[in-house]
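Shown next as structure tokens: one chain only, the form predicted on its own.
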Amino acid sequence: MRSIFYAVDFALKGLLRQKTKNLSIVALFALIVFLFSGIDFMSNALYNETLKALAFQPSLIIQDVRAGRQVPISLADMADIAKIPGVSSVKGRVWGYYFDPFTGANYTIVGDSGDLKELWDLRAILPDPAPSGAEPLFLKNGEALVGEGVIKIRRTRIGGVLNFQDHTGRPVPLKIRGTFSSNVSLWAHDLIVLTEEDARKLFGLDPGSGWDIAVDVPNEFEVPKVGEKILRINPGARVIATNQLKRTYGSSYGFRSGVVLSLNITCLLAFLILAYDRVARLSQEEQREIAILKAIGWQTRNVIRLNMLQSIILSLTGFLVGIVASYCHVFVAGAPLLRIVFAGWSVLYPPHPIPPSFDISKVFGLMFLTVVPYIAVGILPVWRAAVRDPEEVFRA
């Protein structure tokens, strides 16, 4: 154990003799790791938040599609769908997106049927909360519960009024009754909850239609068969299972992270070229140090071990600095450099950081991609310098 400490101490003193050069290598190493690990942290965290939100979604979503576009669906088939064995509940949903021309933001507006718990685990925060044990307070027509992002971007408060326009251009004033919190704040930040009647008025939906139909199937193994029976009832419908949404979101975040990674792959190649150039061309001072070690009795394998130890110290230091900086950037600062890539088309992105979530296997994969090549490319030039006659090096 003591010999290991002596070896580390000797390697550190050798590195400190060339502070500027080695610090630049550590800084470049940390930058590369920062870029690549930040993308992985961001995509994994967003995907996990999406999975958390999908846990509150129904087993099946039924949509009506015309000419490749979704249109309002008739709710006349709900009674027949409810009779399918394995179906526990069927509910028509009224929701959609509203573009605010004053702020340039897109709001998600949902017509609440009375149970906020079913909608992404929302918990209403009202200025006059009901006493404990009382019945839950439902919204009235003309009232709205809005996310924190809507209050901030519209510069309003609880008790204020939101002035919207329906599909015909007529004004629809909505009094802000309160806001809400959610375990899925990434999706609830730009959310506006109205009564179902107000939502229908805003979107121009008839009482007998909805934007889609939510079907709950307790047994997940029965979901495909229930979907087939729904298509027999409504052949023109599109049936979407929760598992399909998981794959879709996974592909979406994977595509975005892949685009950014492809842009940064040139940085990784430049780093590998620089690392190879650094270790493949030993300076005269490094060659003299190796010659001195050989002259005082060091074996070639000992010289190679010392060089590998120095490479391990440099690469692991840069790797850890990059990982810690990336973690703080994404999960503490809220990823200001990557947010524009992953936020999508909405300008209402939660200002607070995403809950920490990352895949440790990808961290080790990145370590293998950066640390191992850096250590490996330095073995051959050091071996060439170590097998030379020390007298030849001194004379040169």
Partner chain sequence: MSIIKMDRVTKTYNPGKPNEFAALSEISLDIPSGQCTILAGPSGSGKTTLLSLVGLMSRPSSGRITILGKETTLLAENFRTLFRRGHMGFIFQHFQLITDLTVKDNLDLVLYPDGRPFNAIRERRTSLLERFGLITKRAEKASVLSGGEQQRLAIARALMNNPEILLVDEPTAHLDTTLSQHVIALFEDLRNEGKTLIIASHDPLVLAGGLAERVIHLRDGRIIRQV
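For clarity, a rigid core is taken as the largest C-alpha set superposing within 1.5 Å between two forms. Keep in mind it's a predicted model, so treat the numbers as computed, not measured. Residue numbers count along the first chain shown, from 1.
Same protein, other form: the form predicted in complex with its partner chain, not shown, and the subject of what follows.
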Here the chain is shown alone; which of 151, 293, 84, 320 has a heavy atom within 4.5 Å of its partner chain in the predicted bound form? 293
Please run the contact check for residue 299 against its partner chain in the predicted bound form: heavy atoms, 4.5 angstroms, yes or no? yes
Can you check whether residue 289 is within 4.5 Å of its partner chain in the predicted bound form, heavy atom basis? yes
Although its partner chain is absent from this view, report whether residue 21 comes within 4.5 Å of it in the predicted bound form, heavy atoms only. no
Spell out, yes or no, whether the shortest heavy atom distance between residue 285 and its partner chain in the predicted bound form is within 4.5 Å. yes
Within 4.5 Å of its partner chain in the predicted bound form by heavy atoms, the stretch out of 226-234, 299-307, 152-160, 69-77 is 299-307
Look at residue 10 and decide if its Cα position differs by 2 Å or more between this form and the one not shown after superposing on the rigid core. no
Does residue 303 show a Cα shift reaching 2 Å between this form and the one not shown after rigid-core superposition? yes
Superpose the two forms on their rigid core, then report whether the C-alpha of residue 19 is displaced by 2 angstroms or more between this form and the one not shown. no
